[in-house]
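Only one chain is included here, represented as structure tokens and corresponding to the form predicted alone.
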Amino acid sequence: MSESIQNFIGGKWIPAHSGETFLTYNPATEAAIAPAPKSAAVDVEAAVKAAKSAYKSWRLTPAPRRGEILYRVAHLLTERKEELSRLMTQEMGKILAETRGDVQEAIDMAYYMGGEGRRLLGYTAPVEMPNKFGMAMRDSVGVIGLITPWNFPIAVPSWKILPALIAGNTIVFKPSEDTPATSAAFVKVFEDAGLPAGVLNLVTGAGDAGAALANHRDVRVISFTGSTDTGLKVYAQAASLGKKVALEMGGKNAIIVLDDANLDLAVEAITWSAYGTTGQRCTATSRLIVQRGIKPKLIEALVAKAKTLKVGDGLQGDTNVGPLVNAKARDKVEKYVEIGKAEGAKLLVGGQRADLDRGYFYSPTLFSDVSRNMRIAREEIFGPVLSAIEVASLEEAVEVNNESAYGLSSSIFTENVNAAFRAIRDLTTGIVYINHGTTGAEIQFPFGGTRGTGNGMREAGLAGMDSFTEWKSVYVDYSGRLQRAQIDTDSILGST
């Protein structure tokens, strides 16, 4: 077992005020990794106080100087990429190729948001009054509260931390209780890059700490990524205090395969979108909406491909599918597989725990003969379970996709450019892929979804600043004397 993890508050690594801890475990071996602080409201209070104090000077630090610190963060992440990747695999289970990609996402975001230090673009526009100048500019908000998930314990926090910092805000970061060690190692990078004390604070723990953060009156923004049930509770708590809230929650993503699709390309993309990260991505493919003509060949090829996947410890180089994050997650997958069988879906492959001595492993699973109204076709499972739904046409496929309660990511495989563009127009998800799986978003484009996936906010890209800034409109009179506007009465009465 490793050394104890600590909270990071006001530039110091300290235990929880109570001294209580909880253990984080390796989901592949079930071995304990390290104890972490079981933080409570008193710890959140200390972190918010440190962030509030640091905000006074951090907001006045020129944005290009803030950007230089983010460039140093990118450099250190590059140096420590393998170390962080291996720790992440040990703590949450996904294979090394995927954890390396997780860290790379943060590297990319650090460089991208570091560059925003010399942009943070606003705009100018003409004003009605003579001898006046008008502009709109972005301003920092204050103390930001971040609540993040275990499945991307560096990438997702980077989408929040880096834009919040470059905008001049200070942060209290509450990661998932499943990944405190990875989160602490990530925060250590910012300390070593020279981020001033109190600008970024880490508080580990469970729901009590998250609730205290959402309810704290000095926290002006809450950015949450996680389950729908928890996200809606956080939303209600924070919104009741007038906070800005950004939510990224569930998904029930689909790949549509039309009869004219490239079969080999579709099989490869579906396999890794459904079973990569053991199905534990918000963008994972859990529905396969397949046109009738290509269905037999596609299903046959997917079953054969699934049988070749090796399930095991993500640290082993030949592993394709790692464990689920914990026993609760594995039990949920088992429950839904039984629901699918009871509903009449046809189990073609998988459907049981992997035959390993220990760990929370489950075999890649594929159901056919799934109707659009079955629970396994509508509810988020968050595991390696794919449900195939047969349709007759593109129009029916789009309809099935759009009736989901969620709207994060969708994909279509077709060789017909007209069908592809109709799908782009008609699919009502935040992300649409053509001849590609539902995973693999890049940091220069907005990330987020519609309907029950979120509340309209986006992360990354140009939209990534919206959650962490306020618009300020500025008017400058350069006439040097008091003037009356030469405008008509209707315009005066109609203005505010």
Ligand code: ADP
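One-based numbering along the sequence shown. Predicted model only: the values in this text are computed from it and were never measured.
The form predicted in complex with the named molecule exists for this protein as well; it is not shown, and the discussion that follows is about that form.
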Only one of 239, 405, 136, 206 comes within 4.5 Å of the named molecule in the model of the complex by heavy atoms, so just point that one out. 206
Between the options 396, 177, 369, 343, which residue brings a heavy atom to within 4.5 Å of the named molecule in the model of the complex? 177
Pick the stretch from 224 to 232, 284 to 292, 110 to 118, 88 to 96 whose residues have a heavy atom within 4.5 Å of the named molecule in the model of the complex. 224 to 232
Taking the named molecule as it sits in the model of the complex, is residue 189 near enough to touch it, meaning that at least one heavy atom pair lies within 4.5 angstroms? no
My question is simply whether residue 150 lines the interface with the named molecule in the model of the complex - judged by any non-hydrogen atom within 4.5 Å. yes
The named molecule contact at residue 211 in the model of the complex, heavy atom, 4.5 Å: yes
